[in-house]
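For reference, the chain that follows is the form predicted on its own, supplied as structure tokens.
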């Protein structure tokens, strides 16, 4: 219909074309999924977030040390499970919106504001944006922890897990959680929960990242536990001992004879 307004969201015009190609044996390119064990817990003075560092493309490990804890605001961070591109771009979009909001208001970002932006965006796409998130932060109302599901539903909980290894991590939380955990106790419990996912879930693996958020600031512990270190580290740039490589030909140039330096007038930089 001429003059009809364009509707937002995904377009499914090419579904029949894709089905035709699939019937002919043409495979569509895949995408990277993060398998994932992510978790968060509220302790006496703030929030601890944790994540593994494996991303997978089907049955292949695409990245052994990716980052799944994303920056949202100086006092808010977010763990992402699902499709890597979706989690990175959704969290980046909300981080940009919150930064503009801070410039406009001069006030600290609230965790519930980030949660509302995330759930509104995901609900609009009805689960087609594959981002399952654990959002944590500390604002003037204290520490907050939310789960945001791909369809846009949310929960506010004292501890939570998401991802393919979430059941393993939740078993650790259920057995070890108590009120008024200290910072060290919370860090140890989250690290054990992520480690449980790494050891028992094929979609999770490699190392443990932690992020501790309090009213005083954020401590991002990249590779807090380095569980699967490389057996070989290449030295770069490689250094070869003198004489280890035969000299086939040698030619020496005198730069002063080849290059002539001429001084010119200084440029006028004023407009």
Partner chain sequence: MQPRPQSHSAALGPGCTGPSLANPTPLAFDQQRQVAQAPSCGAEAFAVDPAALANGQPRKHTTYPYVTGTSVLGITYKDGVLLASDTLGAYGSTKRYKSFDRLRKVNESCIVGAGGELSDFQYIMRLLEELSDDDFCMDDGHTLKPAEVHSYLCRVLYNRRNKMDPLWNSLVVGGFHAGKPFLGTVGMQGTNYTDAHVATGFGNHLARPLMREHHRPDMSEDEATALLHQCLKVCYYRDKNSINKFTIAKVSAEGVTISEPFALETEWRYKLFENPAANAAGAW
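This is a predicted model, so every value here is computed, not measured. Numbering follows the first chain given and starts at 1.
As for the form predicted in complex with its partner chain, it is not shown, yet the points below apply to it.
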Hey, with its partner chain in the model of the complex, do 185, 206 and 219 all fall inside the 4.5 Å heavy atom range?
-> no
Its partner chain: the contacting residue among 170, 132, 129, 84 in the model of the complex [heavy atom, 4.5 Å] = 170
Position in contact with its partner chain when the complex is considered in the model of the complex, options 89, 154, 97, 108, heavy atoms within 4.5 Å = 154
Residue 177, heavy atom within 4.5 angstroms of its partner chain in the model of the complex = yes
Please check if residue 66 has a heavy atom lying within 4.5 Å of any heavy atom of its partner chain in the model of the complex.
-> no
Contact of residue 73 with its partner chain in the model of the complex (heavy atom, 4.5 Å) | no
Using a 4.5 Å heavy atom cut-off, state whether residue 118 contacts its partner chain in the model of the complex.
-> no
Partner contact check in the model of the complex: of 120 to 128, 74 to 82, 193 to 201, 97 to 105, the stretch with a heavy atom within 4.5 Å of its partner chain is 193 to 201
Scan 137 to 155 and note down the residues that get a heavy atom within 4.5 Å of its partner chain in the model of the complex; none is a fine answer too.
-> 141, 144, 146, 154, 155
